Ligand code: TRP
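Only one chain is included here, represented as structure tokens and corresponding to the form predicted on its own.
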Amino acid sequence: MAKKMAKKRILSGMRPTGPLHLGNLHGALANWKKMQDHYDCFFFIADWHALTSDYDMTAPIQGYILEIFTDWLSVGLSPDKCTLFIQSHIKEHAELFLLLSMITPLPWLERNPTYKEQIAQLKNKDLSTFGFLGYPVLQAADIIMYKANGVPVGIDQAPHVELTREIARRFNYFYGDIFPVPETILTETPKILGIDRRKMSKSYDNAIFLSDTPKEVRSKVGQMITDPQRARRNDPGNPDVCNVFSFHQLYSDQKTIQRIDQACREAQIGCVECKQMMAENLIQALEPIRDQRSYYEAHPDTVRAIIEDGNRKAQAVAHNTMEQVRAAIKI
């Protein structure tokens, strides 16, 4: 009998900086849910990574961790198909981070495009810390700890994985082939803008959350910016630049999408009616997630048990990896 091939392993994580929204769903979770049927998946809460920029605001982190796990389970991530765990509960991550920091050249970190962008964008924060500069090394430790074959990311995150690949190759050059060099798995993600047409983000207060009630969804959709050039009901609109129409393309059926497209261009439908239709379709699409969320909110001990089980599974893998690393370094 032919031997069954082992699934390739992937790893990805999220920082616990607040409840998850539609951008998180389409940018990561929908892909994770598909991948768990085809890969050996490790998904984790990157709570140490949250400290790289929010080191002075740690109080909400524990609550966010439980919220995010609840969202993950509600969307359909299954503890029977993937390992779900918390980064800080696996202390081996800190040890491997330390060891990798010894071999990572400083210029590699300074050329990181995200480092430069966030320094420029978050001028209200003091990000001149070792932790912020060195977070790609911690990220590399997260990934190669589990000997991941690939990391699913959007195109903007690809440079992070490339740096991990460089660090893994450098370690292997010095100490022997311990780590596979992970591949970048580029994932197609629909462009999800917030209700103000900026990137959907908790910090911009423009997000529709997975935990929002139907009333909250209707209210937020009602505030969405449509075609900026359409000032009156009888003005023809352009769905190609309308954020509401982009949501119709995700949450409405094809017949409705075609009807809205034509009716908007011919001024046969107003923005208010268009928003109302989209809001109801969005609410219907999110109903299975809300139902599951209600269950897990009523059973927080179940969520905690899933976290503890995932931590045990991850810790066992990390323990074995670090035994190999210590032997290779001879320390």
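Counting begins at 1, following the sequence as shown. Quick caveat, the model's predicted, so the values are computed rather than measured.
As for the form predicted in complex with this ligand, it is not shown, yet the points below apply to it.
A heavy atom within 4.5 Å of this ligand in the predicted bound form is found for one listed residue only; from 72, 135, 85, 179, this is 135.
The partner is absent here, but in the predicted bound form a heavy atom of 153, alone among 127, 163, 100, 153, sits within 4.5 Å of this ligand. Heavy atoms of residue 13 reach within 4.5 Å of this ligand in the predicted bound form, making it an interface residue. Residue contact with this ligand in the predicted bound form: residue 33 places no heavy atom within 4.5 Å of it.
The closest heavy atom approach of residue 139 to this ligand in the predicted bound form falls within 4.5 Å.
Taking the partner from the other structure, this ligand in the predicted bound form has a heavy atom within 4.5 Å of a heavy atom of residue 49. Heavy atoms within 4.5 Å of this ligand in the predicted bound form map, among the stretches 283-291, 39-47, 302-310, 53-61, onto 39-47 alone.
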